[in-house]
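Consider the single chain below, provided in structure tokens and representing the form predicted on its own.
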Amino acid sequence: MEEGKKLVVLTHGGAGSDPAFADGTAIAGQICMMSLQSGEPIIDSACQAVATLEDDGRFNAGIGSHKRNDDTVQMDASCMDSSGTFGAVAALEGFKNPIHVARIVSQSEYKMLVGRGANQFAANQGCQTLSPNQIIGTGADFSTTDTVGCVVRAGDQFACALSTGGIDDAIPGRVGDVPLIGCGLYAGPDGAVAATGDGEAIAMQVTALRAYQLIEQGMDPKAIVPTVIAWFKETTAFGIIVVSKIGFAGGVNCSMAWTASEMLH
């Protein structure tokens, strides 16, 4: 990396997550930062942060994923960077880190794989499996806890990544905003956005792309966050993290564990 490249990492544990769990988002951010410093591609660094959160059972992703109403666990994940790389999986079952599967999809001829085909793809790629008894769930009341995410800046490059276990007790096959490009996440030459909260509401607003358009217009992330939160009813759980060349910000209309860090490399 050239001298003086600005590195920025924001990580979140989902709208409705306990702010006391910010130690988990901080560790994920540190791992992402170390990955950037070692010269890993920015999208891999973002995925590394999300994988760390998937492995923290306090969050609704990976081993902390919620169960569907038939006791299955179906997970969604996605990643994107400012060069136009994008990959996603939906209704993935039986794999420890859906974000790693999404990353491999992004390097394939496909953009999104779902259900049985995603499972077969992950198995063919040798991705680490997860048995039902390894899923610990996220405590008693996790009605709103939703999605873990990361946005990253490394100089003029941006990336984002998301993962979720979905809504507790939803029917199998339900998919929210996470794997939908421009809904849960978006990255481009001017910045990156990751959203969390009510997946249906986020998708219907095409939230991440519209937030990114505010970045393109030159709005400061510190103004973008309250602007985008105001698109949602107060009763609709919603949080967002944003990074651009101007700065970075995060916010939520309920509670959220999240962390931001920056450094020159």
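Residue numbers here begin at 1 and follow the sequence given. Just so it is clear, the structure is predicted and the values come from calculations on it, not from any experiment.
One more form of this protein, predicted together with aspartic acid, exists but is not displayed; see below.
Using a 4.5 angstroms limit between non-hydrogen atoms, G29 is distant from aspartic acid in the predicted bound form. In the predicted bound form, aspartic acid sits within 4.5 Å of a heavy atom belonging to G176. Within this chain, G197 lines the site of aspartic acid in the predicted bound form, having a heavy atom no more than 4.5 Å away.
Taking non-hydrogen atoms only, G191 never approaches aspartic acid to within 4.5 angstroms in the predicted bound form.
Contact annotation for the candidate site: T207, I224 and V252 all lie away from aspartic acid in the predicted bound form (no heavy atom within 4.5 Å). This chain is displayed without aspartic acid, yet in the predicted bound form the stretch 176-184 from 93-101, 128-136, 108-116, 176-184 comes within 4.5 Å of it by heavy atoms. Contact annotation: of the candidates I202, L36, A211, I43, the single residue with a non-hydrogen atom within 4.5 angstroms of aspartic acid in the predicted bound form is I202.
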